[in-house]
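The data below hold one chain only, encoded as structure tokens and taken in the form predicted alone.
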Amino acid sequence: MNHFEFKFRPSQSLIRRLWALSGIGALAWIAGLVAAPDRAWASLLMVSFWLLSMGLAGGFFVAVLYACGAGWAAAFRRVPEAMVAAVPAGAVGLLIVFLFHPELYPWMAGHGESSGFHAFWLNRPFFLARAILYFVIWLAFSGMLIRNSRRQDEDGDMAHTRRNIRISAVYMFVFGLTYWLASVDWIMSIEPEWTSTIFGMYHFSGMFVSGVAVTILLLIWLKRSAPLRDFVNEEHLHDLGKLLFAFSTFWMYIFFSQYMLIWYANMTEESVYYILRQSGALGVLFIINIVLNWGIPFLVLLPIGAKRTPAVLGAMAVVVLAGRWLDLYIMILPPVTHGKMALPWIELCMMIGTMALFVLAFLRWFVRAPQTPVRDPLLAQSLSYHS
């Protein structure tokens, strides 16, 4: 299989354009610090969490593939592997927020009183220690999976696959727990008086469906631009389309479960979260959020043909990513701006710049190894895959 061992090299013009877009995002943040500092810091939290989540989605997807023995995806496994490169950049952005603008979190700024477990959990040293622990765990497990995968390119030893299966089984459990806690720490505690036991699962659903959307877009691009032209077929895209459809619906199920329980109980300390986000212009965004994350993908991806058509599937992946951005915007910005709406030029420019930075990080890792695991024992099955 030596004829598979070649590497992709992106054009320098593409790299320059991506750096330019990243620069625009950085300039938007700097301008935001002058014009609206609270929004700028909240936006940095938002884009950093998105960037981190996309990297984590790639690593988690790789773990799921190994744990399930999913040979169908072996041909393009290097794509989610390379997505992990975004994790360090996202972690740095989050640490900048935690260290240099703790006022984003009212409990860090000394606003309000807390006692008992609430006071134990929400204190700055423990908060920072947990964040660092999460980063170390995620990078350690993802690094082991990728290292074994690439070592297999060299010796073809099946032991690397068996080792990754064991690592993946542990990582899936550890990741579920740590990502749940991280979403509570970094997003929910912006409003420490409000709690939801389903909040971590809600973030997991958004993280995974948007990770699948990014994987689809990268595969369509890499298939058209040559690197994966001979490795990715219509059946691979079809199955990814089914995942996008399924987890978009799962996101809606979790969204409804959280909203319905709070609406039904009608308790002031719980309903205040949704009252803020359904007032004025935010109420329109609240509906659009549902339409983007579930309504449009559900209706469009119902037919089999839509999931097998790259143009349609790619368009739905873009819709889901737009929905994920809006979902994070609705979660993070309203408590910071006290529900006041303004043209989101800071947030949009920073998100565009962050997406460009994600692609740069992805390409940096993707070009370091053959674009497909050349000696994976399941590669032949994946190349001839028919669902």
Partner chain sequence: MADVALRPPLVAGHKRLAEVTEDICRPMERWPGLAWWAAFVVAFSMLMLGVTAVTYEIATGIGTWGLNTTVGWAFGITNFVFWIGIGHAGTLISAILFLFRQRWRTGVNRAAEAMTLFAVMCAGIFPVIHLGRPWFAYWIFPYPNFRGSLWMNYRSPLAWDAFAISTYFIISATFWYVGLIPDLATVRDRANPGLRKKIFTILSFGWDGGYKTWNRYEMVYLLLAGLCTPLVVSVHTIVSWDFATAVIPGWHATIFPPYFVAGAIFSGMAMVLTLMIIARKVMGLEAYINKRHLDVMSKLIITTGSIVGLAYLTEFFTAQYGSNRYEQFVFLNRARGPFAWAYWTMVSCNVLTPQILWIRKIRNSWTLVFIITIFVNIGMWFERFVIIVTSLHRDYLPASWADYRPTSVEIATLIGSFGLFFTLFLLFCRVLPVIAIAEIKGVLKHGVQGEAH
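Since the structure is predicted, the reported quantities are computational estimates derived from the model, not experimental observations. Positions refer to the first chain, counted from 1.
A second form of this protein, the form predicted together with the partner chain, is not displayed here; the remarks below concern that form.
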Fill in: Among the candidates Gly283, Gly143, Gly176, Pro106, the residue which, in the predicted bound form, approaches the partner chain to within 4.5 Å (heavy atoms)
Gly176
Worksheet, complete the sentence: Interface check vs the partner chain in the predicted bound form: of Leu95, Ala315, Leu133, Leu181, the one with a heavy atom inside 4.5 Å is Leu181
Discussion item. Given a 4.5 Å cut-off on heavy atoms, tell me which of 225-233, 212-220, 120-128, 135-143 is the interface stretch with the partner chain in the predicted bound form.
Written reply: 120-128
Worksheet item: Would Arg151 count as a contact of the partner chain in the predicted bound form, using a 4.5 angstroms cut-off between non-hydrogen atoms?
Response: no
Practice prompt. Verify the contact flag for Ala306: yes if a non-hydrogen atom of it lies within 4.5 Å of a non-hydrogen atom of the partner chain in the predicted bound form, no if not.
Written response: no
Discussion item. I'd like to know whether Ile254 contacts the partner chain in the predicted bound form, with contact meaning heavy atoms within 4.5 angstroms.
Written reply: yes
Item to complete: Spell out, yes or no, whether the shortest heavy atom distance between Leu237 and the partner chain in the predicted bound form is within 4.5 Å.
Response: no
Worksheet item: Val170, Met188 and Leu378: each with a heavy atom within 4.5 Å of the partner chain in the predicted bound form?
Response: yes
Worksheet item: Taking heavy atoms and a 4.5 Å limit, what residues of 234-273 are near the partner chain in the predicted bound form?
Response: Asp239, Lys242, Tyr253, Ile254, Phe256, Ser257, Gln258, Met260, Leu261, Ile262, Tyr264, Ala265, Met267, Glu269, Glu270
